[in-house]
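This document opens with one chain alone, in structure tokens, the form predicted alone.
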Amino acid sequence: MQDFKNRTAVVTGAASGIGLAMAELFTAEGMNIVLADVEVEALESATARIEAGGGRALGVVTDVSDDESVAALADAAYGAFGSVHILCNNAGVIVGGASWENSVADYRWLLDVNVMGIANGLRQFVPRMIAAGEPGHIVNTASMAALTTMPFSGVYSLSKAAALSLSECLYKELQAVAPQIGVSVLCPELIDTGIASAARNRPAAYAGDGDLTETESSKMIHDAVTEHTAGGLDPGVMAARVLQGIKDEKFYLLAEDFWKDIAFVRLDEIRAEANPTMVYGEQ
């Protein structure tokens, strides 16, 4: 996809971080922007920010884990702009902890947002994008955690590995039936976003008695993610990576730092049928 002017992009998790950076960059390319997020005030602020810069924007409060909410997002996007050309399934959350200590609610929350959030987006938008017959592109946000594994982050890695696998299947499916629609999977490294505080948006359905994992390992991961994302890359770097990936019709949008080296070590272990090792690389 090369022509962006007057086309429409839908971005979930758009109120902050990578999502907002993508929305701003797409706006600079002359696109209409539909921003979706579960955080109401932040979404209103982000939408106003796009409009203040001269962009054509629509903010839609959306819970990506809820298929009906995503269906309403699709209806709003098509109602406002008539078509959708870029879909960025970007919303995501994280929890840490030992895999046997994480609650059922932890698993369900991350799978519902990080995996079903993508699935719901595909189900509600892709049929309409195919029917339109126009060039388009879908970007699913996974993580370098989809290609590497670290202790005490099993639930997150599980969800992101699923997001990657779903994206690879989607790519092959669209190549077969609608090759005018490209697919990319974004696998960010440590980015300066608010994902470490994702619990601020944790719904009550996942926050009942016994649902919150509060262990030494979960606190360790929370503190580590907070520290390293605060000093991570600017989200704008990811937005630029996405835009170039769309232009180049590139599927894998990967980190360029030591995280890729760790992924290569894992691939070598798989080829050799060797036991997994603890590899962290050097920053």
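Because the structure is a prediction, the values reported are computed rather than measured. Numbers for residues come from their place in the sequence shown, where the first is 1.
One more form of this protein exists, namely the form predicted in complex with a small molecule; it is left out here, but the text below deals with it.
A heavy atom within 4.5 Å of the small molecule in the predicted complex is found for exactly one of Ala72, Ala98, Leu190, Val126: Leu190.
Only one of Ala255, Ile50, Ile221, Val38 lies close to the small molecule in the predicted complex, with a heavy atom inside 4.5 Å, and it is Val38. Each of Ala15, Ala91 and Thr141 places at least one heavy atom within 4.5 Å of the small molecule in the predicted complex. Within this chain, Lys172 is remote from the site of the small molecule in the predicted complex, having no heavy atom within 4.5 Å. When contacts are judged by a 4.5 Å heavy atom cut-off, Leu87 does not count as touching the small molecule in the predicted complex. In the predicted complex, none of the heavy atoms of Val185 sits within 4.5 Å of a heavy atom of the small molecule. Taking the partner from the other structure, the small molecule in the predicted complex has a heavy atom within 4.5 Å of a heavy atom of Gly194. With the small molecule left out of view, the stretch that reaches within 4.5 Å of it through heavy atoms in the predicted complex is, among 175 to 183, 128 to 136, 154 to 162, 78 to 86, 154 to 162.
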